[in-house]
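Consider the single chain below, provided in structure tokens and representing the form predicted on its own.
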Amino acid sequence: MFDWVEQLFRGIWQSIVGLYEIRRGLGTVAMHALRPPTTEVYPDIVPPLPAHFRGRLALTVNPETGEHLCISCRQCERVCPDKCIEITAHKSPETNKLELIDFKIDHGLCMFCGLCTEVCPTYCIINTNDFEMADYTRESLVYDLKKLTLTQEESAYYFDRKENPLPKPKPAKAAPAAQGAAPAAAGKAATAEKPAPAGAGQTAQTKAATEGESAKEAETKSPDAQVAPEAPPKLSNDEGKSDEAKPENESGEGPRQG
């Protein structure tokens, strides 16, 4: 008898709990009946993603010139914990700088940590908003340089969205003809700076010094320059002798002539 009573109370309790859960479900339905829908029609409508969403990795170019920004420093390759980045570069014999040949990223190994984007000095490698990367083979998840590089419009969009500073323009390379003409121009400039021959002409300073020396020599050689202003004038032989110096004869006459 007690078992029958226990089963009766258990059935009543389960009915009460079931009615309570039904009420909760109907309440949730009634609450969302007048609300706008929270679901989206994907892929027709793509949800808005934050600026720093870590999606597919890509390489940017200069938005103004279209020049590739990778300088082959290999910092992203060294910092990658999964070793999914492989850079191939060689040193140019002309500029003695590294030039990029190929850039590969295995997105099948990448865990999208974003460390490579943090250490890049030129903001070349970035995380895009693309997350649709499903494919049929693992080999197709390995992206090469051509597949990784973005266009100028896409690069400008991500530079603006991520608020990255625009790269500085690189100095223009001189043409071979201009480089060959540079030594010749330098030789002409050195020739023009050489002093002219003595007979051809002198500079203004040398000419002024020469004229000053000539004027001094002319003053030294002129007779008037040797006479002092207070010196007595020279007399002739007859006028310079005094009367006392003239010999007289006994008769008191002057010297005899003849």
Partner chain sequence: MIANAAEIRKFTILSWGWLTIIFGLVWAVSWLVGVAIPLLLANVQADWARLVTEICQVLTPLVAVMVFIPINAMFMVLAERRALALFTVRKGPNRVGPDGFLQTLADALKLLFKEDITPRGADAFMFTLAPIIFFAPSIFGALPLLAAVTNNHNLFQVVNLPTGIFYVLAVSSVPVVGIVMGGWASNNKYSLVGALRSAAQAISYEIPLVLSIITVCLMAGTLDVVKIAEMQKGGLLNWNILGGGALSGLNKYFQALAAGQADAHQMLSQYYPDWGSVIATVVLIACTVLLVGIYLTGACAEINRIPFDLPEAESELVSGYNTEYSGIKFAIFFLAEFTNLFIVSTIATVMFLGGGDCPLPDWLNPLTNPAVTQPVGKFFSFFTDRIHLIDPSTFFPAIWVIIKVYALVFFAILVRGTLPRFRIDQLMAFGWKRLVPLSLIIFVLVTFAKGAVRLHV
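Rigid core (definition): largest C-alpha set, two forms, superposition within 1.5 Å. Just so it is clear, the model here is predicted, and its values are computed rather than measured. Numbering follows the first chain given and starts at 1.
Here the subject shifts to the form predicted together with its partner chain, a form of this protein not shown in this document.
Every member of the trio G25, T38 and V41 reaches its partner chain in the predicted bound form with some non-hydrogen atom inside 4.5 Å. Of the heavy atoms in A51, none are within 4.5 Å of its partner chain in the predicted bound form. At the 4.5 Å threshold, heavy atoms of V46 stay clear of its partner chain in the predicted bound form, well away from it.
Taking its partner chain as it sits in the predicted bound form, the stretch 14-35 comes within 4.5 angstroms of it through a non-hydrogen atom at I22, G25, L26, V29, A30, H32, A33, L34, R35. The two forms, fitted on the rigid core, differ between the shown form and the other one by 2 Å or more at the CA of T28.
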